[in-house]
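Only one chain is included here, represented as structure tokens and corresponding to the form predicted on its own.
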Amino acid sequence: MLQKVVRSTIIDAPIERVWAVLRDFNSHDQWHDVVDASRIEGGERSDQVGCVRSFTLKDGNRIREQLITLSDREHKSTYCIVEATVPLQRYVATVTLKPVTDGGRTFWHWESTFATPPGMERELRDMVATGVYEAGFENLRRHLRAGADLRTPGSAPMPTALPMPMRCARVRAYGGPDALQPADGEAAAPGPGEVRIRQRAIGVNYFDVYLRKGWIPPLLPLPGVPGMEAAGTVLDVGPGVSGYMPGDRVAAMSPVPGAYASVRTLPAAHVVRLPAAVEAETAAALLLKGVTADMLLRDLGRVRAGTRLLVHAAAGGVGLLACAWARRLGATVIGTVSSEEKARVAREHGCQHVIVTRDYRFAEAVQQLGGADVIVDGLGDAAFEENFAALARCGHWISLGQATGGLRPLSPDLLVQKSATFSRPVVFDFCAAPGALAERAERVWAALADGSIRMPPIERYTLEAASQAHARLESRGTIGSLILIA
């Protein structure tokens, strides 16, 4: 006869915070007192359905459990015992979380069914109910309070944090991709208003190339670590930081370089919490590029139904997102790419009219479509004349980058010929107001969830191979986003 154990409780923490811990199938040795050590077999991810965790209890028993289902939408997981020295037979358990609207709390429901040897029904039922479930509720509460309580009045003082060793990719002399070299360093302890993050995935952007080449020396003094975005988990926080605690899954987007590192300390204002459904690699590939696309379409281009939008490098990280999002808004999307393969990918992401060119000739084809109301230009000087020729009257030219070299000075007398406007934005200025980065990030995650944008292809490199990633980026052969795995 199957036994059934059901226990429920309320946790005084938001559901995303609780789920960030419980969805990690290998986290229980960090918060549950009965677990001594745990590992995921075969090197699989701890949120991969089908993975097996092998762990030892502090009483010496050994258990292997398999993750059967995991739903970020329902905040629910199911797992079973596949082998154990504890005589729990045919054990299947389900964890379900529900939000409690009063006070941002979480309802946690934990239940299981299992068989036992004759005569051991009560003993094993009590062990699961009390020793595992009820103890687990209290253990998780203590785990979640570990960071927050140290910052509340009347609590124990926070221990003094120390610098932490880290690996990074550092530029010691400006130059080509080989200027990026692996190095050791330290991530400072978080000061007031700061967060220290264990970074798992790091975004690679063309702006990082400009820094490596020494085009903006004040922004990357030597020796310097490039990189503007990454994602990972919070290690610790400094005084005055609220809303983040150790273990929280986050992404960071900073106007100050330094992201090419395994551990980084930076202001909490540059950090956003990750939804349960967004993995670290996804965030590193999307955050800066997605926020940039949001700025381009919403603030500068004011793209709407009928807008004719020209996007250069339409198969790049920003290009794919801008094309897809603009198409969802009803715009006519025109893109330039350098190969037929890139043209195919651009079309798959919403680009209706693709121009394949390696010599920056596109204006005639764009004018045949009525001219561009908005141009997103990351090419720079080599496309100067063609961009102006492609503009429609009253069009807006957005200079986003300078892959072919710095743009020459633009005369107002030239713009007046078409009553055109020109802008050269810095995306971080559009995220500087309190809460602005979080608001834009939420729009990016929502656009990904509703299909307005699609995950671009991702090329992955190790942090040690950052120079190879830069060489690949400059080859004009990339499609989508590049990330570094730390």
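Keep in mind it's a predicted model, so treat the numbers as computed, not measured. Quick note: we count residues from 1 along the sequence shown, nothing fancier.
Below, we refer to the form predicted in complex with a small molecule, which is not included among the displayed structures.
- Proximity of P425 to the small molecule in the predicted complex falls within the 4.5 Å heavy atom cutoff.
- Within this chain, F114 is remote from the site of the small molecule in the predicted complex, having no heavy atom within 4.5 Å.
- Using a 4.5 Å cutoff between non-hydrogen atoms, Y210 counts as a contact of the small molecule in the predicted complex.
- Under a 4.5 angstroms non-hydrogen atom cutoff, the small molecule in the predicted complex has E474 among its neighbouring residues.
- When you look in the predicted complex, the only residue of A93, A324, L379, A261 with a non-hydrogen atom within 4.5 Å of the small molecule is L379.
- Checked against the small molecule in the predicted complex, the residues A313, I334, L286, L391 give one hit for a heavy atom within 4.5 Å, which is A313.
- Heavy atoms within 4.5 Å of the small molecule in the predicted complex are found in exactly one of 337-345, 80-88, 172-180, 135-143, that being 337-345.
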